[in-house]
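Below you'll find only one chain, the form predicted on its own, shown as structure tokens.
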Amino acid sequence: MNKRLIGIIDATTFHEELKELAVHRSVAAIPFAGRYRLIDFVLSNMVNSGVESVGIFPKFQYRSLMDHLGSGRDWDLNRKRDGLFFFPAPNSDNPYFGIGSLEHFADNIDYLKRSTQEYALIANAYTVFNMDFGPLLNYHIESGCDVTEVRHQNKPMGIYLIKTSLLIELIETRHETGYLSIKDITSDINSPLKLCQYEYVGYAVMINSIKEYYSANMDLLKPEIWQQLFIKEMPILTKVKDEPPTNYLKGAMVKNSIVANGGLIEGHVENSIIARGVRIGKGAVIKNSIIMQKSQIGENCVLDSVILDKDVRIENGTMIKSSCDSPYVIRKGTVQGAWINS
């Protein structure tokens, strides 16, 4: 299939309800599950489906995204032919940027014109799922579709399949047709194109708010959800970091949690996601929380239903309690002390 399908990941979307985690990074680069970024899921799905050419179209705060993906080596996309490409959106006053923005694609249309792949797969960068795109391509071809929209539980997933030549035509005629995005096309009941829908069966969640982000991370603590996402034959790939295993010192206790490598734990961790390089001090109690990379939690702290962004430092004796319906978020690099009960 690699000779037939080109991947396009639209990373331009900014969700206002995720702004606490997207101040210094794009939504696509938000950490997830202790060692991944949101974009890892769709990018890995493309690579696992045999796609060898992927274009990333970002707009906001994309330095961390570029740092994470690098040359694409960890996804086997650092190659002489095809591979991984970045096409940042220009500084434009055009307000219409979203999944499948034809205006954004128009600025980089040469990428499409030079491609040898017959079909283009356009997807958002913030959906957590594990999907083989092979059956989707077969369905699209066999059904004679012009544009196929992927849906989950009868709701759009922001994933579309289209012939590359048709995509180029739609880009070049966007001012005549009035179609500014792929979404415009699929929502037009009077479109002259043959529009199809493909139902994806499996776990999938679009991360568009803090509540969805927190809930999706907590879902991973359920074995049945973990098994649907992390499949041996379809691995979710990410940037490799060579770090030692997490060190559990005397007095440490961990229950029903995901703990990445490179950390040090002396306290109590329960129902939580602990990222790389996190330090949890003696006597600290962490429950129902997400602790991101290299955060440091002092001794005798109590954190419940909290999201700590990267490099946060919690001082000794600090108590922060919230609820699973409204987790308390502490921004990257913050030093936090005292009592907070939200």
Partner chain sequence: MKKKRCVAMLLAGGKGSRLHSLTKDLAKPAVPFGGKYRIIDFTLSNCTNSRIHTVGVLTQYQPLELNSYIGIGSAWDLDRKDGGVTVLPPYTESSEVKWYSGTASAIYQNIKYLTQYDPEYVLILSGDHIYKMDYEEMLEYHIEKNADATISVIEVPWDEASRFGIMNTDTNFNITDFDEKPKNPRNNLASMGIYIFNWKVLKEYLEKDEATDGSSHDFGKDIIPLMLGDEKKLMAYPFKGYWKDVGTVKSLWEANMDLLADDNELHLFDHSWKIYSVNPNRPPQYISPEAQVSECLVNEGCIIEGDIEKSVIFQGVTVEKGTSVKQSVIMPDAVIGKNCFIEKAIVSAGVHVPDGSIIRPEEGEEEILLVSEEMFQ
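Residue numbers count along the first chain shown, from 1. Bear in mind the structure is a predicted one, so any value in this text is a computation, not a measurement.
Form predicted in complex with its partner chain: not shown, discussed below.
- Here the chain stands alone, but in the model of the complex its contact with its partner chain, taken as any heavy atom within 4.5 Å, falls in 28-36 among 28-36, 63-71, 50-58, 303-311.
- None of Leu112, Cys196, Leu237, Leu166 but one reaches within 4.5 angstroms of its partner chain in the model of the complex through a heavy atom, and that residue is Leu237.
- Only one of Tyr139, Phe87, Phe230, Tyr200 comes within 4.5 Å of its partner chain in the model of the complex through a heavy atom, and that residue is Phe230.
- A residue is said to contact a partner when one of its heavy atoms sits within 4.5 Å of a partner heavy atom; Thr116 fails this definition for its partner chain in the model of the complex, lying far away.
- Although the partner is absent here, Val259 sits close enough that one of its heavy atoms falls within 4.5 Å of its partner chain in the model of the complex.
- The closest non-hydrogen atom of Arg81 lies beyond 4.5 Å of its partner chain in the model of the complex.
- Taking non-hydrogen atoms only, Asp242 approaches its partner chain to within 4.5 angstroms in the model of the complex.
- Residues Tyr248, Leu249, Lys250, Ala252, Val254, Lys255, Asn256, Ser257, Ile258, Val259, Ala260, Asn261, Gly262, Gly263, Leu264 are the members of 248-269 with a non-hydrogen atom no more than 4.5 angstroms from its partner chain in the model of the complex.
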